[in-house]
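So this first bit is one chain, no partners, the form predicted alone, shown in structure tokens.
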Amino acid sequence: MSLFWIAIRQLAEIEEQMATSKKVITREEWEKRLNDIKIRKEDMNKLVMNFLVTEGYVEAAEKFRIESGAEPDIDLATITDRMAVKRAVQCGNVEDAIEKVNDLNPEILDTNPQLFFHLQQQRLIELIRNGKVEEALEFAQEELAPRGEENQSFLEELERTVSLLAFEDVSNCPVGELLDISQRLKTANEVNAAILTSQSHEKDPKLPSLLKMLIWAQNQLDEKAAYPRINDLSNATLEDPAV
């Protein structure tokens, strides 16, 4: 059973017991309840390894594999290749990124037209960023316009991107965010997720999702009881309830 469902079951039992009134749970009682939940170290190690692999910390994953014995579910060598693609996009080297993706697995872009369009769109953005107006217009017309004719959403995104050329001062441009670093990161994350999916791996790490579930579960329990709560996720310290 996953950590989330174990926690939910415990919370459900507590809520059932407190359905009639809001009860104050002491630290001693709460810690006893927590200690009654048995979580295997093996499961915790898998959770950590999943985070390291998904986020691309290849050296840390290798060290953790040696220390814990937890085996990653993909070849760690592929992490280096995946991170090289992600860094290329983040640096604006989109052509290099596309080449690297095709070296990894040509089917990734062949079977994902939206991802390929977004990479081509990012190439157009980089041309505009570098002031290569004529080259940008030619690239948009030859590479992106045909795709826009086949897909309305692609056409709308293309029109938004090309509109950058109409503004001398992009800081006052309504679509100026396309030139922000955050746009590069968005495209890089999309490529990263596609590569992970092609390797039969989750595109998002499990740990952040579990933390979100913890916050949700605590918010639900707040309506039923006052209990030692984790308010700072960075240290996971239990704080006594205010009574």
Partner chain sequence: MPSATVNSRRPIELLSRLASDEPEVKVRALREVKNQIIGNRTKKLSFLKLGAVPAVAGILADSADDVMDSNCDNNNVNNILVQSATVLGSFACGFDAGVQAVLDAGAFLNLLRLLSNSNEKVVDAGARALRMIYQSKLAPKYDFLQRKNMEFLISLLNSENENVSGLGASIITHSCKTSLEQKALFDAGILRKLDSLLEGGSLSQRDASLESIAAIFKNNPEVISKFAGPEIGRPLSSVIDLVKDRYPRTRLLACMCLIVIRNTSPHFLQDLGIKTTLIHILLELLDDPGQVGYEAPFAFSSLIAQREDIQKLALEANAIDKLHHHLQKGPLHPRHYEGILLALADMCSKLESCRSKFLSLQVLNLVTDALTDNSADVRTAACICLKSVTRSIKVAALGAICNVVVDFTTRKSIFIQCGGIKQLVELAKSMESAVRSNALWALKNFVFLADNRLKEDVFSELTASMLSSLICDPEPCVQEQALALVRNLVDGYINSIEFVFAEDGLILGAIGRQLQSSSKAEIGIQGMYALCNVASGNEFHKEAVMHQLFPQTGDKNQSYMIKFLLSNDSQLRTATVWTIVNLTCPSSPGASGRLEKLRNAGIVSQLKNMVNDSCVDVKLRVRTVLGQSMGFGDN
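Residue numbers count along the first chain shown, from 1. Worth saying up front: this structure is predicted, and the values here are computed from it rather than measured.
The form predicted together with its partner chain exists for this protein as well; it is not shown, and the discussion that follows is about that form.
Between the options 80, 93, 163, 105, the residue in contact with its partner chain in the predicted complex by a heavy atom within 4.5 angstroms is 105.
When contacts are defined as a non-hydrogen atom within 4.5 Å, none of 180, 186 and 190 contacts its partner chain in the predicted complex. Proximity of residue 197 to its partner chain in the predicted complex: non-hydrogen atoms within 4.5 Å are present. In the predicted complex, its partner chain sits within 4.5 Å of a heavy atom of residue 116. Contact between residue 131 and its partner chain in the predicted complex is not found at the 4.5 Å heavy atom cutoff. For the chain shown alone, residue 142 is a contact residue for its partner chain in the predicted complex, at least one non-hydrogen atom being within 4.5 angstroms. Looking at 136 to 167, the residues that come within 4.5 Å of its partner chain in the predicted complex, counting any heavy atom, are 138, 142, 143, 146, 147, 150, 152.
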